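We begin with a single chain expressed as structure tokens, specifically the form predicted on its own.
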Amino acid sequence: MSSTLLEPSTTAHDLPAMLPSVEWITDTARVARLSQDFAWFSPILKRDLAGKTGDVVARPRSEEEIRQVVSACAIAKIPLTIRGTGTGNYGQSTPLFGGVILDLSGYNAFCWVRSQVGRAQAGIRLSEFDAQARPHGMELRWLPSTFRSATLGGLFGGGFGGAGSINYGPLAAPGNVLGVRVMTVEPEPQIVELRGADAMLLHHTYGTNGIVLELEVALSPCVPWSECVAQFESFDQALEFASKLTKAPGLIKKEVSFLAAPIPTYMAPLMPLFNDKQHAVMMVLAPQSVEGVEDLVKSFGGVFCYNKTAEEVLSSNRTLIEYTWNHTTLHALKVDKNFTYIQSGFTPAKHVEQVKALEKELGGEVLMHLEFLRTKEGDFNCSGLQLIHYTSEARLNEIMAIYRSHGVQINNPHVYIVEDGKQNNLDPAVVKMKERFDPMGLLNPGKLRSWASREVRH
């Protein structure tokens, strides 16, 4: 688009008439809805982001349409916030300064599978990617609990991993994401392919430092996964079992999730099986490993109380994966709206003793939910998504401070600034990447503190 077609006073509201080939949403209520994600899990973010919306939403379906919108925004210096399907939890897709919401959910083609690698456009839903890969004998290495609706680009921009991270680590582990196709934000947008470590500089930055158009990811061979649950009377035995299973090399698994009492009673598939004193370990297992896992459960004093084959899971259209990770929080909130949560990273080789110490200190007020995984360095560990009976912001901060005093890292889910959340110490290369791909600071302004002095302000 030529800059001569845009007046200096052009606003986001003018763009639909200027770019009629692009699908636009201008209805105030719909724009407000598309300005939100699941930040309401946090009473702090719910308060801090109240009333923040975009001006209009663009829903392009081709690279050329994306280029037109980006060019127009760059020429008129209109803020641009990237959105997938809004399954994030930190207000990633909520604009702080209005402007255009660039909804990429319509840019969703599956490109190809070659050997154990797949590529697709950023707006493809993870469930669709998996369905397209399976005829090739492949599946995604990780599935977040939001896999039915979450997009590949959204997971990359604001997610972590999911079921499968017990084998392959989080998304950030080297070798998981192989490359990304990125568009610059400038009057004449450029297309660049980033590979390996350079590509990962755009990971979990909330779409602040580049527009990811396509992703190339490593895949794993398909397995007809069984879904099982073990029941324990003892917190310690359930915890020790989960840790032992995670490290057991011959028992093939995709997911190990520990739910301390009374959390199992908040999960619909488990409600009839548990009382409020019993602890659960939910598992996704290779069928040939189910018998061995059942023996291991018994050795820790537990009982195998749920066992579904892949065929049974498929026919029921209900998977335990949708009760793990942050879906656990969602289901608990359906029972008690006073819950919130924290995200914690334990110390490999010390995680069991750290969990026991924190349960002793905060049990009852903080309900332990752990996801077992491998770190990006390859160590066995667990990540916490603990449920908390919310009383005040001050007490919430005290709880996080107690966790830190035990040597546990807190990835604060109650903030919307990149540096304050997952990436406690931001790599300066992330800002360098923003200089390269968003030199005017138009992408999701206000979310990257390191860029604050150059961001667009309304």
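In case it trips you up, residue 1 is the first one in the sequence shown, and so on. If you're wondering where the values come from, they're calculated on a predicted model, not measured in any experiment.
Beyond the structure shown, there is the form predicted in complex with another copy of the chain, which is absent from this document and is the topic of what follows.
- Only one of 231 to 239, 305 to 313, 212 to 220, 99 to 107 places residue heavy atoms within 4.5 angstroms of another copy of the chain in the model of the complex, namely 212 to 220.
- With the partner omitted here, the residue from 77, 350, 318, 195 that has a non-hydrogen atom within 4.5 angstroms of another copy of the chain in the model of the complex is 195.
- Between another copy of the chain and the residues 268, 117, 191, 111, the one pair within 4.5 Å by heavy atoms in the model of the complex involves 117.
- The closest heavy atom approach of residue 301 to another copy of the chain in the model of the complex falls outside 4.5 Å.
- Although the partner is absent here, residue 276 lies well away from another copy of the chain in the model of the complex, with no heavy atom inside 4.5 Å.
- Contact annotation: residue 71 falls outside 4.5 Å of another copy of the chain in the model of the complex, judged by heavy atom distances.
- Although the partner is absent here, residue 376 lies within 4.5 Å of another copy of the chain in the model of the complex, judged by heavy atoms.
- Residues 167, 168, 169, 173, 174, 175, 176, 178 of 166 to 184 are found to place at least one heavy atom within 4.5 Å of another copy of the chain in the model of the complex.
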